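Single chain ahead, by itself, as structure tokens, in the form predicted on its own.
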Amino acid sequence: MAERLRDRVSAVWPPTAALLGLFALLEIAVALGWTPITIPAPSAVAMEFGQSGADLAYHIVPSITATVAGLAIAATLAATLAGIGASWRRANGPVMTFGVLVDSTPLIAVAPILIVFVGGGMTLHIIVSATACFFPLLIGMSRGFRAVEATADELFHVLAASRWQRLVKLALPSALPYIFSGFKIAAPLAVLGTLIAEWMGAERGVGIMMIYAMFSFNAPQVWMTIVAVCLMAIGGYGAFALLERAYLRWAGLEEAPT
């Protein structure tokens, strides 16, 4: 137990020390007037969290809601298409082509078009968030559903298992490490998609709070919203990383495939 704790501390303290050192250098640079007015001191950003914490909490709730809903919708669609592609090989090509088409869609250009059809509310934010994170999930699930051992696949063939049984009882357990990898990439992208949608129009959200702070030339508040978005992305990644670690420990595996 003590050795594991030491290993964790030794892994965490170098980046933590580097980050604290960077903050200290930035604080000194701002105090000496070496930075532009758009870069506030870390202490000013920290004070802004205290002064505008209630406003941030008001705006961050719909952002998290849209991100989670978009991620859930993207995961459902990706699982459906990846399952179809794994069960019918001829469908794999069109499925991947659709995924590439979605991934190559410029969200900043499509969002105004979507506003015409769905408006600028939560529905728009969820759609853009789902679009932003769809492709990594599709790739992870498609690759995972095909990561089946040949002997196990032959056994299911001998037992005359249906496509559904092959998918649920054979492909899905093999795919979980790949699915977790896809979710770790997709979670920060879902946050980015929500932010882009809120820039296009919103009454509440971290993105619109950022826009208001920019137009009022409130640099500490702008950076406070940037930090909040970063924490949302890190939180999403960290949540799936913890789930992956718990699964690997339960399954007796040392690490997920890369």
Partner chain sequence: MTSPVDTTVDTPDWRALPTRGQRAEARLAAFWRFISRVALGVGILVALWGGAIALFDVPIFVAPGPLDTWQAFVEQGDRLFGALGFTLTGVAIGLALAVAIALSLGVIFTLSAPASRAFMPLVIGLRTVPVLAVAPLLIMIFGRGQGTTVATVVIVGFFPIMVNAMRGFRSVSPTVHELFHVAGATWWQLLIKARIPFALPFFFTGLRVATTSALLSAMLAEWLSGAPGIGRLIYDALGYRDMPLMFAAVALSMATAFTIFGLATALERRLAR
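Treat the numbers as computed from the prediction; the structure is a model and nothing was measured. Residue numbers count along the first chain shown, from 1.
Not on display, but discussed next: the form predicted in complex with its partner chain.
- Checking A44, A69, L26, L192 against its partner chain in the predicted bound form, a heavy atom within 4.5 Å turns up for just one residue: L192.
- The listed set I84, V110, M122, I73 contains one residue whose heavy atoms approach its partner chain in the predicted bound form to within 4.5 Å, identified as V110.
- For its partner chain in the predicted bound form, the listed stretch (197-205, 27-35, 47-55, 60-68) containing residues with heavy atoms inside 4.5 Å is 197-205.
- The shortest heavy atom separation between L243 and its partner chain in the predicted bound form exceeds 4.5 Å.
- For W88, no non-hydrogen atom is located within 4.5 Å of its partner chain in the predicted bound form, even though that partner is not displayed.
- When its partner chain is considered in the predicted bound form, T80 lies well away from it, no heavy atom lying within 4.5 Å.
- In the predicted bound form, at least one heavy atom of P188 sits within 4.5 Å of a heavy atom of its partner chain.
- Heavy atoms closer than or equal to 4.5 Å to its partner chain in the predicted bound form belong, across 77-105, to the residues G93, P94, T97, V100, L101, D103, S104, T105, ordered by sequence position.
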